[in-house]
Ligand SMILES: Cc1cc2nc3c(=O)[nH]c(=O)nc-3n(C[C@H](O)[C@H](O)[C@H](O)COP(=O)(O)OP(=O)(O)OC[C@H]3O[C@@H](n4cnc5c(N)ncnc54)[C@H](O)[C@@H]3O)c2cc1C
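Listed next as structure tokens is one chain, alone, in the form predicted on its own.
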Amino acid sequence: MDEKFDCIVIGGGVAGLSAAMTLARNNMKFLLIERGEFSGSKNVSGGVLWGDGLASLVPDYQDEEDGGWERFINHRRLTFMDGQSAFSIDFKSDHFEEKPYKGVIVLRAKFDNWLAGKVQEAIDASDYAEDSFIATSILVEEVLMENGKAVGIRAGEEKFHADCVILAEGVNNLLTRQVGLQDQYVPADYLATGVKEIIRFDRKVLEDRFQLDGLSGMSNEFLGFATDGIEGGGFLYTNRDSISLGLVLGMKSMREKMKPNDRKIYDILTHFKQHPAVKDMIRGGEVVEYSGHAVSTGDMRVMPKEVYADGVLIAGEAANLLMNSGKAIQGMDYALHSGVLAAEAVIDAKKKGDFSAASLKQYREALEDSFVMKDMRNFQKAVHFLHSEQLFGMVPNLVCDFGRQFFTIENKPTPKTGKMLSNAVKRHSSYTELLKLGIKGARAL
């Protein structure tokens, strides 16, 4: 295969597939390369795809009986935990049921494979049905460069040429580093490790336990005891007949607080599962999968030097486009939108016959004008705020202490609510420290 493509997309995740879908629908000749057996085969992550971007790629996805998604979110919960208690903020609303859904739970191995099928359908309907390809089980070892411009890729002894390359390779962005847009070393301060179990239930048991109706679903985030003193948080998402349960732990914090031959990361997950609140939720379930992977923390200081250069664009988590603002962990929606914007920049470059950095700069401009970079810039202080040690130690302990006092009824005089709060503050912090934290949080959020 020595033909020249309009574009080569590296990575069959959400960013790469979204770019490929956009290219196919605009009659571009492209090659998408995925190193796994199929799209999603090496992707162990999963969670919530927020927003309605999926509807722009697959307009009728919510009406498919066996679509690639698990459930739509109509119930959200944030839980503060100490060693014996859990205090939750709970929100459930019918407005979440409006289509297109504003959040769908996915298992990436299933979802990415399904989306790849939709991309193939778009290829088959395009003018290049015989010339565009999704190629799997191929490891791209090098981006080919000529005079500082990306002109294709090398996989083993095979070389493939294109006017432009979109790098959607994920957080382990080796090719992004090879083309000189990312520093060779990314400090652990800006990375985290995600660990997750898939726990299977009888579907009726799952729906009864989590109060689910039809394909409605719940997301639950946890702070405090969940991470056993290490910076990070826990999560639980309801799939069709299973739950995704896990932790995201800061690598820097793990390095500082986990001694050699002491706790392992799966020991912390086991500790989390033994908490009374979590133990009740997972009772009777069968663990069918365990996985771990590196994730970005969404700190803009670790973004590549630029997201474009001569003949190359970077999309999704390869560009560290991910954010946890405290309201939600957003990554897949950023990947989807950035993939679309990268493909649109390639389409315009093709029309102009110019794939130089000056031409592809419009991708950066479109990204800056989108919700992706606007949110990342607006909430960057929130990203830093969520790394405050008080949020996974003092705050959950204080909240649970107050909850135990407030909800416990005894046959003796009951103190006023203000006194209960004061007692909790004195045991775990001070009003001065809380005021400082509150001001910092208000500015960040």
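Owing to the predicted nature of the structure, the values given are computational and were not obtained by experimental measurement. One-based numbering along the sequence shown.
In what follows, reference is made to the form predicted in complex with the named molecule, a form of this protein that is not presented.
Put simply, residue 383 is far from the named molecule in the predicted bound form: not one heavy atom of it is within 4.5 Å. By the criterion of a heavy atom within 4.5 Å, residue 176 is excluded from the residues contacting the named molecule in the predicted bound form.
Using a 4.5 angstroms threshold between heavy atoms, residue 194 counts as touching the named molecule in the predicted bound form. With a 4.5 Å cutoff on heavy atoms, residue 331 counts as touching the named molecule in the predicted bound form. The contact residue chosen from 145, 138, 357, 215 relative to the named molecule in the predicted bound form is 138, the criterion being a non-hydrogen atom within 4.5 angstroms. 235 is the sole member of 201, 160, 80, 235 with a non-hydrogen atom lying within 4.5 angstroms of the named molecule in the predicted bound form. The stretch from 258-266, 118-126, 311-319, 204-212 that comes within 4.5 Å of the named molecule in the predicted bound form, counting heavy atoms only, is 311-319.
Interface residues of 394-427, taken as those with a heavy atom within 4.5 Å of the named molecule in the predicted bound form (partner not displayed), are absent.
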